[in-house]
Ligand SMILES: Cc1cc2nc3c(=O)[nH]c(=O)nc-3n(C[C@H](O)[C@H](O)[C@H](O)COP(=O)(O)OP(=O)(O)OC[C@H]3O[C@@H](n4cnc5c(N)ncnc54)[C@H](O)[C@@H]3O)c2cc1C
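Have a look below at one chain only, the form predicted alone, in structure tokens format.
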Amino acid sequence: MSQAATNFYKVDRRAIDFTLWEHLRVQQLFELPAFSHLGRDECSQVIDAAERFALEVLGPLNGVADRSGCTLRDGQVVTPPGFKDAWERIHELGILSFAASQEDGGFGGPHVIAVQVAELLSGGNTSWNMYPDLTRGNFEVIAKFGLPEQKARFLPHMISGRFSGTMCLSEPHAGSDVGSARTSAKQIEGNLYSITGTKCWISAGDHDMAENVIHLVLARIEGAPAGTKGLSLFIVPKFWVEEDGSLSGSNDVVTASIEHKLGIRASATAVLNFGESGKCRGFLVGGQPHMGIRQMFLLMNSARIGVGVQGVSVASTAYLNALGYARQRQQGSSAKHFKDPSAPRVPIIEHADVRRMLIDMKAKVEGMRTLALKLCLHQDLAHAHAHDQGKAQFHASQVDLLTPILKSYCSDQAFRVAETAIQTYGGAGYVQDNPVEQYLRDAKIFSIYEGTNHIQAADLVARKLMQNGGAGFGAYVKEISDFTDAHGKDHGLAAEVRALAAASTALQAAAGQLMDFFTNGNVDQVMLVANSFLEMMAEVTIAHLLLDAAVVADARRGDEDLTADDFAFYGGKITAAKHYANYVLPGVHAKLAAMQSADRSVLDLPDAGFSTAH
């Protein structure tokens, strides 16, 4: 049976609930005034609705949409069959506005629940979920920085699904070099400007699901300084929006083309021309010129967290599909009877190497999900403790520190988990009859967009590590040391906890090495090893989260009323932590040794040394 006619999306709800309620104890939020209007039951109902929608609506569309992709007809992007209906149904459910403030028309729910909803929706259909995900980020920017009249003109219609949203940064001559943007803005009157320019790589840049697309466009007002400091942010609708929300014709925003891509083929990635006929208008966000980068960073950081969650979502369903296949596919006899040609064939899950691949995927998926949820729990706690500067600053510092790690590690590992899932299937994973080849293709973009993973690593080592005098990193290290001090002795996981302590010490030594490079003026050397440092920090972080979860699971195994399935579930948590600590975490020490070698031969190599071929 073709994948296009089948729903392959899989969810491990037991694992999700463990992380939310048993490990991270998200219910602590409901004891705080900011979230006291909600409880676990309401949040579970939202997750239930998202799970059903992902399984029943989005999952069956995923393979079909991958085959058909989007098309551009007479300047209008047409999405695959079923997408528009899914858009209307999700807005009828109302779950997309769960974390929006009540003042802006939402439910004022925690981000940690909203991000779990996002994982489910993205896992069901990554391409489709790009459209509401970007709309949510656009909404957040207007809600935070927009003038009251701007909020009134756009936000209610974004909540309802009438309008969608995008972010428009990149230009044909400048991808990640945002400061080189040439799109221009000329004041017409007040906060109304004429916009002219071209933007590319615009995800969800055009489609036929909503009545209108609202673009957030970075542009330079005439006479503004060069570089990022001279950029301003504008609300530019595809169709002009009157004060009462009605539409009054084209706003001179033209979809010039859409990209033909390796993956996420049903997400329209557009080239947009603004003001070809000199009639494109936009509103200056908040009436504040030259604040575009500051304002857009809210959306960019949100998008980077979103990309990390995309990584979790695709990795999770890839792993669960591989696990299901390994349980039912029979091939070969048990290694215990390898000399007996008449021995019965066994499911491949009984083979040692398949078990190794499965536990590696399981550990990474569950560690990545915990990282995403913990980061968003920090977001919620920073908001809930806004009146307490010390607590708010601590939680905000952890969000800043962990965001580049979430984006990079989860995006890299999504591709690698999908690759391992294909290997688990063998040849059956390489064909379109099974979903894992699509997961691999869809996942590749995650390490590239919203700031490539090297940009994330550079941000981590050059900005986040020493932000506020290194207070955030210091608090991060202390949390790990408190854990290892508490569990490094007389415990079934003591050896693995001590391995975490040693890896944390190596990470701190690596941070010191980076400072030495900076002190000696070797900034290029810092950039050479930035990715390695981020990987080190990610592996220490994931190991800590997995071991912390394993301690909780180990305690639960002592409960008298456990079923056999519960006992096995908690045992799986312990095994995943042990595997990661013993097979992945040792790589931290190898990376430190490479960093401390201070080898810069590749930096000094003449270009011709790479090859003389032309």
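Everything numeric here is computed off the predicted structure, so don't read it as measured data. So that there is no doubt, residue numbering starts at 1 and follows the sequence shown.
Beyond what is shown, the protein has a form predicted together with the ligand; the following relates to that form.
- Here is the short version: of T135, S203, S302, N321, the single residue with a heavy atom within 4.5 Å of the ligand in the predicted bound form is S203.
- Proximity to the ligand in the predicted bound form, defined as a heavy atom within 4.5 Å, holds among S334, Q508, Q288, T452 only for T452.
- Proximity of T255 to the ligand in the predicted bound form falls outside the 4.5 Å heavy atom cutoff.
- Although the partner is absent here, R356 is not a contact residue: none of its heavy atoms lies within 4.5 angstroms of the ligand in the predicted bound form.
- Interface membership of I448, defined by any non-hydrogen atom within 4.5 Å of the ligand in the predicted bound form, is confirmed.
- Residue contact check for K261: one or more of its heavy atoms lie within 4.5 Å of the ligand in the predicted bound form.
- Residues within 4.5 angstroms of the ligand in the predicted bound form, judged by any non-hydrogen atom, belong to 262-270 and to none of the other stretches in 262-270, 515-523, 396-404, 325-333.
- Contacts between stretch 55-90 and the ligand, counted in the predicted bound form as any heavy atom lying within 4.5 Å, involve no residue at all.
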